[in-house]
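Coming up is one lone chain in structure tokens, specifically the form predicted on its own.
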Amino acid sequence: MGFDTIIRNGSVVTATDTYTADIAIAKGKISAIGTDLPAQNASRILDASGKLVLPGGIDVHTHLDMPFGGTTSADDFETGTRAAAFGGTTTLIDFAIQYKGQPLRQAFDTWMSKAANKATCDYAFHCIVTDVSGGQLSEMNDLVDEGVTSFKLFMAYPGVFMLDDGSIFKALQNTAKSGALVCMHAENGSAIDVIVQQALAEGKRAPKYHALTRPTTAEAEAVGRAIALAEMAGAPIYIVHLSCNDALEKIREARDRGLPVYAETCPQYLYLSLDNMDAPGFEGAKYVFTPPLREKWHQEKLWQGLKHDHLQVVSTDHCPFCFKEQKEMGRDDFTKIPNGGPGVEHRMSLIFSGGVASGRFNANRFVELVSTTPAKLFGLYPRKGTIAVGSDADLVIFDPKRKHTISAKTHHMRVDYSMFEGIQVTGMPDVVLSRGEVVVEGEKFLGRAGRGEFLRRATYAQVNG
């Protein structure tokens, strides 16, 4: 048979194995893996000698084209997916937001239209549920049938996103039956709100107070409560953007008891700390996102959590707002600074560099964290997240030795600063393929807007049951 492309001589890395092989691609899928595959019929040969061949990265937490506090996140589905591809990420799961009183279907349709004709790589959606007072529980099941098999709930942001425990419990009972997965933003929103109002009354308005008004205990308490509600409902639960050791201890304890509890962390919590909030003037606003940055000692605890599988996934919570014009909306009041930071482009390199190149864990664990486990938990495996015959040919030829200094001058995200400015990473993608098409080659983007496909996902229970 004829192959479209053969990747030669690479060191193939999956979550479980590392071996030298050629990979043949036909019609967007991996069609053969072996040694010395016949090249005469292939229209293109990519030489991966001395390089790793990885499954494309899957970032299960991004916010593209998202309205927030009177503005909208700076990357849309075109610029965001393009930046992701430059970093070796070939699949995103974004969030369709249901506003109070809205049917869930309306939220899904709104976000589908944001992505259509724009996304350059494949995408899916979680649905954010902010209101279960009407028929939303049955609507959740309708969305599961459409391939939207995960829902995000908030224990923070009273009056905007926050649900009470009874509503959360009902939603968890519902997903226990449907096989879907709840993603939880776990912070004690009511207590935080009191602390925030007290800080403002005392005239504490600088960006740093965003972090100082959201204590680690507020996160840990909510993580513990979320786990308890899920346990009572007999449902699995996934904690998003875990930032501190207090919360990590709750996850570890629940997993030690055998509960289906999972958590992600993000590169900002592994590389940045409260010290960044001391930047001069208003610069600290660059680091205003939720949960906030923590004291530096939490970083190594999180790295160890990734190593020992207390944490299962690294995603970015990519939600960029330009420093000039957008972040400045909160110059006199930290509560008005749009929450979020840019990260989708550098996740793979930051985690490879800090994890594999630094000797904390091996390349198989790296693949598990950035691709395979996200695919399994969110119903994309084995179509995505591995290198196997029949899987989509989402592949990254990755140079484990190439060094790169991250900078806003060279990144591809549509935002005027980098959270990781000046950090040197070891390990960078050279060539990125999405469904067999080369979309990134060195500094060249070869993809196009609208080629990304919406992914209908299986349920958590179907893949992990």
Ligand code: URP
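All residue numbers are counted from 1 along the displayed sequence. Keep in mind the model is a prediction, meaning the values are calculated, not measured.
Keep in mind that the form predicted in complex with the named molecule is missing from the display, and what follows is about it.
Heavy atoms within 4.5 Å of the named molecule in the model of the complex belong, among the stretches 86-94, 285-293, 190-198, 169-177, to residues of 285-293. Interface residue among Glu368, Asp122, Asp392, Asp317, judged by heavy atoms within 4.5 Å of the named molecule in the model of the complex: Asp317. In terms of contact with the named molecule in the model of the complex, the residue from Gly355, Pro207, Gly340, Pro267 that brings a heavy atom within 4.5 Å is Gly340.
In the model of the complex, at least one heavy atom of Phe154 sits within 4.5 Å of a heavy atom of the named molecule. Taking the partner from elsewhere, Lys51 is found to have every heavy atom lying beyond 4.5 Å of the named molecule in the model of the complex. Using a 4.5 angstroms limit between non-hydrogen atoms, Lys250 is distant from the named molecule in the model of the complex. Using a 4.5 angstroms threshold between heavy atoms, His241 counts as touching the named molecule in the model of the complex. Interface residues of 166-191, taken as those with a heavy atom within 4.5 Å of the named molecule in the model of the complex (partner not displayed), are limited to His185.
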